[in-house]
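Quick heads-up: it's one chain on its own, the form predicted on its own, in structure tokens.
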């Protein structure tokens, strides 16, 4: 595919932003790519395959969480007020919303992405070696943390980054307790089985706006209602140290944090080394490397 050329529905089963109304297309890829060994048991694998996510409460030890929380605060203090492109502020203030590429900024975060409890589960589900496509901390400070609107990560990664197939997943590590009050991750169970083609042309350098507030590449109200009618809604609530794995095509979002309790989560996106990025399928230049790593260097490689 030539850079600058958008791919149509006829040539791409996951084409999007090329239609004048939303469409639900069938998933063409497995959810679990093999039956190899790993840290997850068969019941957990079946839950992930059926619902598109798996929550493991308290997977990390308390002392591990405390050390990671200290490191997250250090990174926040280090990058407060930064105008670096990989430090994202809230849409209406200079409060830090996200810090990207944390596995390259912090040895502690690099060690965590290599941890067998996370990387081993990703290898087991994706049935291959894996690399980090994207890493970040999402902060939702008390009373100030804004929402993340509904979206399928894969739709964006496919159209704007050039990820060919649905062979990736996210691992979200809860560094603070996530409750119904502080904007927990919300998911639509079973939504990973359908691909929602979104409406609207992608603006140039869309990431500069979408990382603050995404408005392109999001489902219509009718599409979201359709998915929820099929699968319902759930939210990820759990103590600090919990980890939720969710498929790259699971529809998800989170509300703003109006509570007096902060919410801080780490996000590590594991992609199969057999699913490296190509030219973006939406026809625009690829987003910067801090959003989508261009080199599929296996986790744990020197």
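Computed from a prediction, not measured in an experiment: that's the story for all the values here. Numbering follows the first chain given and starts at 1.
What comes next is about the form predicted together with another copy of the chain, which does not appear here.
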Fill in the blank from the handout: With a 4.5 Å heavy atom cut-off to another copy of the chain in the model of the complex, the contacting stretch among 83-91, 153-161, 220-228, 113-121 is 220-228
Fill in the blank from the handout: Contact with another copy of the chain in the model of the complex, heavy atom within 4.5 Å, among 254, 242, 275, 264 goes to 254
Practice task
Note which of 131, 100, 195, 148 lies within 4.5 Å of another copy of the chain in the model of the complex, where distance is taken over heavy atoms; exactly one does.
Solution key: 148
Handout entry: in the model of the complex, residue 27 touching another copy of the chain (heavy atom, 4.5 Å)
Key = no
Exercise for the section: Indicate whether another copy of the chain has at least one heavy atom within 4.5 Å of a heavy atom of residue 77 in the model of the complex. Expected result: no
Problem - Contact flag, residue 44 vs another copy of the chain in the model of the complex, heavy atom cut 4.5 Å - result: no
Practice task
Answer yes if any heavy atom of residue 237 is within 4.5 Å of a heavy atom of another copy of the chain in the model of the complex; otherwise answer no.
Solution key: yes
